[in-house]
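Shown here is one chain on its own, the form predicted alone, set out as structure tokens.
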Amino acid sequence: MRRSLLFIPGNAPALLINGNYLGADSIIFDLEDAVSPDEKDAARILVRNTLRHMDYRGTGTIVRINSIDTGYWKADVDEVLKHAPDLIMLPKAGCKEDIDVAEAYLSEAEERLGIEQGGVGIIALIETAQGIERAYDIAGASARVKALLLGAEDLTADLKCARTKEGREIEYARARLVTAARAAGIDVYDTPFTDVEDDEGMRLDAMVAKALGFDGKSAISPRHLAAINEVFSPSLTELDYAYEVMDAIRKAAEQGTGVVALRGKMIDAPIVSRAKQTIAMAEELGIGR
């Protein structure tokens, strides 16, 4: 489960060492935007050593490599792949062919390193207009693609519009990514809220993302993680209703009743499916009955 994904600069050893104590479901070791060109080599080695020696104890590990139009990305893969991050994040994924290129090199590197073929998945970072329009092709390009993540800062620059807290400018992109991911049967994560000091704004932004269907939200500050985890976890009200739904279904089956109603509303298949999802998530978090 990934409710929260925290970006950590690959050249920040204190954060890397303490990553599993910060409260994120997954840590994103950033070798791209957070690292200047003259520090790429050092950051790559630091992330490699972190993956090799640190026990993240249930916290997922993701490495954002440099984009495939740079001279850095293959070296990023070569250094970190053997130490089995959960996912490689591919920035600026704009089309199926970008996934093909990345997958081909991942497969080559796995064979060369003698590790399991296909063991490390890809999370495609969608942050261009082209990527938004081709999101479904990207999502379905390979079995390695496990998730999409929206990158709104680069996207709005590409769209030539201002990035705002209200997020009206990314409404279409958010909906497009959720739809593409669901159609492809993979996960989808929302962009970070970049005002570190605005806790209420961040919470509202996370609630919007959850309402749209995102599985979780990325963050650039540990300060945001508790609220993100809370928003993307089932509330007690949601959980109680889910159990009521399943109890009503069970009682109807026992009584041989074909029509099931709860609180004056018909209980149909989508409602049952959502209830099952809520209960499964609660049980995974240890908050079920």
Partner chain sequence: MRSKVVSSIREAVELAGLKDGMTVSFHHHLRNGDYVLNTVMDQIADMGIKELTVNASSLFACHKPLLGHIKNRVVAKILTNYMAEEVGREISCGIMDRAVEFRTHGGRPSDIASGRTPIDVAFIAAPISDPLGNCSGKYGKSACGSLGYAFADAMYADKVVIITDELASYPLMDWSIEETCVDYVVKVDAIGDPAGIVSGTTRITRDPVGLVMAEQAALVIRHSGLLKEGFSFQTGAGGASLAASKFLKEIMLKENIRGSFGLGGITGYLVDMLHAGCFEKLLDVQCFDLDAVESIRKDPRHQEISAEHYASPGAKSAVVDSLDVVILGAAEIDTDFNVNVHTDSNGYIMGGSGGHSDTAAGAKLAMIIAPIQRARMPIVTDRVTCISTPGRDVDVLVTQAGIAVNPENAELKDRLVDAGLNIVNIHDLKRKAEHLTGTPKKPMMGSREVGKVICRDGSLLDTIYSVR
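These numbers come from a predicted model, not from an experiment. Residue numbers count along the first chain shown, from 1.
Heads up, the form predicted together with its partner chain isn't pictured, but that's what we're talking about next.
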From the list 153, 199, 100, 171, which entry has a heavy atom within 4.5 Å of its partner chain in the predicted complex? 199
Based on heavy atom distances of 4.5 Å or less, which listed stretch (232-240, 62-70, 247-255, 216-224) is in contact with its partner chain in the predicted complex? 216-224
Please determine whether residue 267 contacts its partner chain in the predicted complex, using a 4.5 Å cut-off between heavy atoms. no
Could you confirm whether residue 280 comes within 4.5 Å of its partner chain in the predicted complex, counting heavy atoms only? no
Report yes if any heavy atom of residue 22 sits within 4.5 Å of a heavy atom of its partner chain in the predicted complex; otherwise report no. yes
Would you classify residue 15 as touching its partner chain in the predicted complex, given a 4.5 Å non-hydrogen atom cut-off? yes
Only counting heavy atoms and a 4.5 Å limit, does any residue of 50-64 reach its partner chain in the predicted complex, and if so which ones? 54
